[in-house]
Every structure is written in C-alpha cells, then in structure tokens.
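We give structure tokens for two forms of one protein chain below, kept apart as structure 1 and structure 2.
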Structure 1
C-alpha cells in the first residue's frame, strides 16, 4: 500500500476520533477525581439507593459538560438498562413552562408506550408528570432529567423547576435533575422556594491542565499498532509525533493557542485543522501543519480588510486613530480632513487628494465596516457631518500597516507615533 493511501487512512481515523466525544473524554475520566467519576457516582448512588438528587454542571462553553453527561448516561444505560428513563430538555427550546412540561409528558409517554395528548393543559401535564414519577418510584425506576441551558429555565416564574423539584420531595418518587449551564451563578438565579428544594451540588468544569492536554494530544494523534494500517508506518508515525510533541516550538504554539482559548472544544477544532493540513505525500504530521492551523484560527478578518485598502483609505484610518488617541471620541468627516491636512503638512508627500476623492474613500470604509456611525440618528444629515468611530483596534491597524507591502513610510511612522 502506498504512503499516500496510508496517510489518507490515518487522516480519516484521526478525524473520526475528533468527532467522537466518547473517545476524547474517556482518558480524562480514568481518575477518581474527574468530573466523570463524580457525576457517575452521584447518579448511580441515587439509582441504587432509590433516592432523589439534583446537581449542576457549570463551566464555559466548549468545556465538555454535555459530552461528559452523555458519556455518563450511556454508561449507566448499559449498566441499568431497565431501571433508567432519561428526559432531555434544552432551555433554548423549552424555557417556556408550558412547552417544557408538554415535552416531558411527550417523552414519558414515548418511553412507556402511552398515548400522548397534544391538547393537555399545563395542570394536566403537571399532574401526569407527578403520577409518572410516583409510578416509576414504586417500580424502582429512576427518571433522569437533563436540563441543558439550565439558566434559561430559571427565568420567569420558574413553575417548571418548582413543580419538578416539589414532586421529588415525596417518598415514592425517584428522580435526578442534572442542570447544565455556562453561568457560574446559575443556582443564584433560583427563587427561594425553588432553591430550598435544590440539593446545591455543583461540578465545575475547568480548562484542561497542561498534563491533560499532553495526554489528549497523544491519545488522539497516536496511531494504533493493531489496526488495518501497516505496523511499520504506524510506528514511524508515532515516533515522529513524539518528536513534535517534545519540540519547544510546538509547545509554544500550543501555549499561544491555549492563552487565547483554553476550552477542550476549541482545542479539538485546532487539531482538526492541523490534521486536515497534513501532506499526504510525506504521510506524516509536521510542525508546519500546527503553525498553519494556529494562523488559520487566529485570523483577523478586519486585519485582512486593511490589507486591501487603498493608500488614501489607510490615511483616513490613521487620522481617525490619531484623533481617538488624543481623546477626541466625537468626530466626523470634516474633523478627519483637518487631521489629514495636518499629517500631510508634517510629512509632505505626493499622496494628497482632493476632498471629494477623500469622501468617496470615506464612504468605501463605511461600506466595508472598518468605520461606522456612532448612532442611528441624523439620517437626514449629510455623511460629512455625521459622527463616526473606528471599528478596528490599534493592534489590528498596526499589524495591517506592517503587512501592507506598498504602505508609505509616513503611515507606519504615524501608526507607531500616535
């Protein structure tokens, strides 16, 4: 088998791993101190001891809260196939109390092969839920409610949460409520009557440590020796991978990326781009693949727009930045033209344009959204007199000027000497 075919198979294997949460989070769940182990212990204890429980999974988006929850639920469904019913709700879809209770009733009917009534009222569905919790408890079955975007359920009168948690106070019920939220203060959003019925257990999902990142990289990128791939190729691939992971330049790339976004989800996106950049002819990952992935993810659209600007448009952007540095936050086209004249007097060049030409360049910058009006008022005013502001940052403007090949010396000098 040719090297290109082997490389293509390896690429497909690594991509499939990145799309499998079970494969990704399994090695991070081996420790007894992991969130996976803690969550599984809490839910399994509730199942075995036939008690009610509630818990919140808190952390930034992309930190693996839902992935770990689904991993725990899939494992528990294998261990206790006949004693668990999972009800899934999402705050983006079911934050309204009536629609949420209707969805709970629908899923309970589907799970227990009952007839679902679309015309049932809120009270009917509430009574049905309470009755089903009682019947499941008597049958020693646990109902697990997974509430994604939990903070959205905490808006309004919170009748759903109250009905659910109040029903769990009875001796006969047997249920677990697992809330998932990116807000760390999600429990503080609860009303007093709801909070008093909540267990106040919380699991915090933090960004992975350097050791976890190292283990994750090796776990995802290493090729198995017992697969359809040739053993010699897999051994050589893993050897080259270890040399890359040990390289100081690679560690700097990973460190730079994690400084901007350290969640697991974004790390997987970074690896997906790096794997997609792998050259099939060489058959192996290289340091250049990870460099290209970093530059691709850290791409600044505004900075790229600056590269396509004309010399006059660059003049206008620099003049606006100079006005802002002098704390002149309110300015219009006429103010920019005065600054443009003073810059040209300080650095005389042949690049001096008439006001009507500058106005067309100014309008072009508005169209490209590098600058914008400060408010929506004053539509009746001429463009020259409406207040504007700069949308690009100082760093983006400076980097854009540096990467602009035909940028005049006066521009780069002005960008640095604001």
Structure 2
C-alpha cells in the first residue's frame, strides 16, 4: 500500500472520530466527577428505584451536553433493554404546547407500536400521555423526556411542563425529564408552580481545561497501532504527532484559537479543518496544516466586506461616518448625498456619480449589512427617506480603508482627518 493510501485511511479514521460524540466524550467520562457518571447515576437510580426526577443540563453551547446525554442514554438502553422509552423534543421545534404534546404522543405511539392519529386534540394527547405514563410505570418502563433548548419550553403558560411535571407527582408514573439549555438561568424562567414541581438537579458542563484539551488532542489524533493501518506507518505518524503536540508554536496556535471560545465543539471544528488540510503525499500531519486551519477559521467578515466594496460604496460609508462624527444622529440617503456632494466639492475627483447610481450602491451596502435602518418602522417609505445608521465601527472602517489597495488619496485623507 502506498503512503497516500494509508494517509487517506488515517484521514478518514480521524474525521469519523471527530464526528462521533461517543468517541470524543467516552474517555472523559470515567472519573466520578464527570458529568457522564453523575448523569448516569441519577437516571439509572431513578430507573431502579422507580422514582421521578428532573434534571437540567446547563453549559455554554458546544460543551457536549447533548452528546453526553446521548451517550448516557445509549448506555442505559443497552443496560436495561426495553425498559426505557426516550422522547426527544427540541424547543426550537416544539415550543408550542400543542405541537409538543402531539409530538410526545407520536413518539410514544411509535415506541410502543401503537397507531397514532394526527387529529387528536390537545386534551386527548395530554390524557393519552398521562395514561401512557401510568401504563409504562406499571410495566416498570421508564420514560425519559429529553428536552433540548429547554429555555424555549419555559415560555408562556408552560402547560406542557406543568402537565409533565404534575403527572410525575404520582407514584405509578416513572419518568425522567432532562432539560438541556445553554441559558444558565433556565430554571429561573420556570413559572413558580412549575418550578415547585421541578426537582432541580443541575449539571454544569464547562469547557475542558488545558490538560483536558491536551489529552483530547492526543486521543483524537493518534492512530491506533493494531488496526488495518500499517504498524510502522502508525508508529511514525504518532511520533511526528507527538513532536507537533510538544511544539511550542503548536501550543500557541491552539491557545490562540481557544482564546475566543474554549469549548470542545469549537476545538473539534478546528481539528477537522486541520485534518482535511493534511497533505496526502507526505502522509503526516504538519504544523502548517494547523496554521492554515487557524487562518481559515479566524476570519473577520466585516472587514473583508469593506475590502470588497467599490469606490463609490466606500465614499458613501465615509460620508456617513463624517455625518456621524458631526453628531448628526438621524440622517437618510438624501443627507448622505448632500455630504457626498460637499466632499466631492472640496476634493474634486474624476469619479462623481449620479444619484441613481449612488442609490444602487447604497442598497448594496444595506444588503451587505454594513449599514442598516435605524428602526423597523416606515416600511412604506422609499429607501431614500428612511433613516440609516452605520453598522461598522470607525476603527473597522479605518482599518478597512488602510488595507484597501486602490484607495484614492482623498479617501484616505478623508478618513484620516476626522
């Protein structure tokens, strides 16, 4: 086998690792302090002891809340086959009580091979749910409700949560409600009656520490020695990897990258790009791959937008900025045009455009969200008369102008003088 072939295999292996949460979170779940074992203990003890529980998983996005939950659920499904029914809801899809209940009924029907009717009313569905909870409790089956984006369920009258949690106040039912939310104050959103029925177990998911990141990198990137990959290739790969991981520059890249966001998911995204950058010819990861990944992922979209603007668009932006510097807080296209004229008068250049051309450029800027309307009112008004505002800040504009290659002198002059 050529090295390219091997490298491709290795690449596929690593990519598939990155995409499976099981692989990523399994090694972190051994210790007793890990959220995995805590969550598993809570759920499995409520299965064994036949009690009801409600748990909140909190933490910033990308910290692996759902991944750990799924890991626990799949383990429990293996451990207690056909005693667990998992109902998955997402706040973005089912935040409305009616649709949520319908979805619960549908999934319950699916799980137990019952016939589901779309026509059933809210009452029917909620009574069906309660009846099912009871029946499942009697059959020693636990129903686990996994509510993703839990905070979105905590809106309005919260009938769903109330009826769910109230149904759990009976002895016969056996259910676990797991809420997943990135809002730290998710339990404060609950209505007081609902909150009183909630059992307030909270698990906090935090981004991995520096040591954990290091371990994770090793875990993901090093190749197994016993698989179909040639042993010597894997050994060499791992050796090179070790040297990269120990490299100071590599550490800098990683810490630079994780400065903005240190969650696991964020790291995985970076690694994915780095691995995709891997050169198949050489067959090994190199520091360059990571560097390229960093530069391709850390981008400044607004500044790049400015770079892409035409001269006229830049004129308009500069004019708007001049207006704002003069503390003229409300202005529209007409006043921008006046400013444009005055600028052009003081620095006459060859390119002076007619108003309709300027309007086109103005619309373009609006679409690119470099400028925006100050309010949502006045939809009936034509664009020229609606008040606008600059969205990019002065410093960004200045930066953009500086790096603009073919910027006319007057522009840079303009921008510097205010």
Partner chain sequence: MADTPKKSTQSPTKKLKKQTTSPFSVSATPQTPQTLDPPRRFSPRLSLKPNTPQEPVSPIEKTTKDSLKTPPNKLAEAPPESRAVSSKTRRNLSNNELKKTPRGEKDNGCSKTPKSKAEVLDVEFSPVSPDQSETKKRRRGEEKEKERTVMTRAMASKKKAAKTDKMSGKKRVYYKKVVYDGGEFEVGDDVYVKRREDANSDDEIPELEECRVCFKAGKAVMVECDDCLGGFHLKCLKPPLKTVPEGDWICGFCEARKLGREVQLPRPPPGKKLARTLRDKLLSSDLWAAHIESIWKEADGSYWFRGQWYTIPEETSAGRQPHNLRRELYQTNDFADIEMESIIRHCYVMNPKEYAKAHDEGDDIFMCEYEYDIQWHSFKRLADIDNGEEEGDDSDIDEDWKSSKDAESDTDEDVEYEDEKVKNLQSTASSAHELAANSRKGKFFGLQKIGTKRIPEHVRCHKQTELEKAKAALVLAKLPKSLPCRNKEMEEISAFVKGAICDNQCLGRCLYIHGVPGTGKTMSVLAVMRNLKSEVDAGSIRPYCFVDVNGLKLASPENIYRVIYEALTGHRVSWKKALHLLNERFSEGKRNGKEDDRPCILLIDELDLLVTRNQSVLYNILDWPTKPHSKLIVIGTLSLSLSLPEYLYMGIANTMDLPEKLLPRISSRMGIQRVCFGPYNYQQLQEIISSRLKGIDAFEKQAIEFASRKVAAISGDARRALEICRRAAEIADYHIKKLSSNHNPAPEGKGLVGMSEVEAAIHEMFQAPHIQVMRSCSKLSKIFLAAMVYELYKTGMAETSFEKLAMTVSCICTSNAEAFPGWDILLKVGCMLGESRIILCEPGARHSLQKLQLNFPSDDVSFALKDSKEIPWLAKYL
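Residue numbers count along the first chain shown, from 1. For clarity, a rigid core is taken as the largest C-alpha set superposing within 1.5 Å between two forms. Here the structure is a predicted model, which is why all the values come from computation and not from measurement.
The first of the two structures is the form predicted on its own. For residue 385, a C-alpha deviation of 2 angstroms or more is recorded between the two structures after rigid-core alignment. Once the rigid core is overlaid between the two structures, residue 397 counts among the residues whose Cα shifts by 2 Å or more. Residue 194: CA moves less than 2 Å between the two structures after rigid-core fitting. With the core fitted, the CA of residue 310 sits 7.3 Å away from its counterpart between the two structures.
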